[in-house]
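A single chain, nothing else alongside it, follows as structure tokens in the form predicted alone.
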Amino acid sequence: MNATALPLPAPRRDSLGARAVRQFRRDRTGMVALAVVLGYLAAAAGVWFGWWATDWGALTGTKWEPASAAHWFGTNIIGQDIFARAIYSTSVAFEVGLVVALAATALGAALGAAAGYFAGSWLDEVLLWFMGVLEAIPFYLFVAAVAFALQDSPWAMQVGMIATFWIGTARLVRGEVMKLRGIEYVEAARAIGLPSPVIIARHVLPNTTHILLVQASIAFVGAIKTEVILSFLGIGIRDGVSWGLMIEESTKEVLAGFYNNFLAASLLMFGLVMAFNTFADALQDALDPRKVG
């Protein structure tokens, strides 16, 4: 008597996103880096909600007090609490980083997709020429010039960074879209008469998400480092405090043998940049189709 063969269950097929998440969770270094970044984000969120560091400008002590229970990082030259200023600067770093990363990535995605989809056309040639012109200008010189020209605007520094950070994203997206535009489902959408903007938005750009996520994380770190440099030079943050302003302030204090201001700003900035760079590397590995399994 022959036994009836039972059908084998079909293998489970995870989406690329689910496999990327599983791959990322296997990366212990990436997970630790993500936890550190979330810790910084929690500190920034506390400032945004008014839970702490709202009195960063208050004179709560005397000149150059050492670290104590009342002032964890001591006080600066006029008696302001360095810890409160450092935590408030964390929120400023996230604000600048998020604004620049989101805007630059969105702009780069839109222009890069248009250039790639219409590769070889006049639009592609104009965009490539424009990107080449911007890349020919030294980065910090261009950003500083834009920030100085728009110094009456509170968004001057962000505009300067967005005007340059989008280029790298646009070039990568352009190359990816040039490959995607020949895929069957894109040709089918074109054949049934869908407008090009609809095809790009619905069928092309969603398949560049892995590039956009990595580029946004890179732009986030670049924006923070650029803000520190510009604020140190006096053309960055003006109405408030940031790590760059704290380091600029510490140049006078270090000569007098007081290092708390410099160490607080430098170490917090180093921690965030290092953690986010590590997180970005792990994210890039997780989203790499050759490594996702």
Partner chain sequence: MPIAQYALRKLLAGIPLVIGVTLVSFALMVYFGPDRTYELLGKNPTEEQIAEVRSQLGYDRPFAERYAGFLREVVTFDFGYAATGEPVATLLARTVPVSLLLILPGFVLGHLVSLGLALLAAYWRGRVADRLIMALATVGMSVSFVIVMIGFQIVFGSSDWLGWFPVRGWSTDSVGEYLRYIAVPTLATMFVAIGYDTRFYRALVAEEMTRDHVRTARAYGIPEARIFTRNILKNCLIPVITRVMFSIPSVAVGGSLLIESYFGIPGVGRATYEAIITGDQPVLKAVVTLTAILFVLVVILNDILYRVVDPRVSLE
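Everything numeric in this text was worked out from a predicted model, so none of it was measured. Positions refer to the first chain, counted from 1.
In what follows, reference is made to the form predicted together with its partner chain, a form of this protein that is not presented.
Proximity to its partner chain in the predicted bound form, taken as a non-hydrogen atom within 4.5 angstroms, holds for one residue of 241, 247, 43, 34, which is 247. In the predicted bound form, none of the heavy atoms of residue 68 sits within 4.5 Å of a heavy atom of its partner chain. Put simply, residue 125 is far from its partner chain in the predicted bound form: not one heavy atom of it is within 4.5 Å. In the predicted bound form, its partner chain sits beyond 4.5 Å of every heavy atom of residue 106.
For the chain shown alone, residue 188 is not a contact residue for its partner chain in the predicted bound form, no non-hydrogen atom being within 4.5 angstroms. Taken together, the three residues 137, 233 and 254 all come within 4.5 Å of its partner chain in the predicted bound form, as judged by their closest heavy atom. Heavy atoms closer than or equal to 4.5 Å to its partner chain in the predicted bound form belong, across 256 to 283, to the residues 259, 262, 266, 269, 270, 273, 274, 277, 278, 281, ordered by sequence position.
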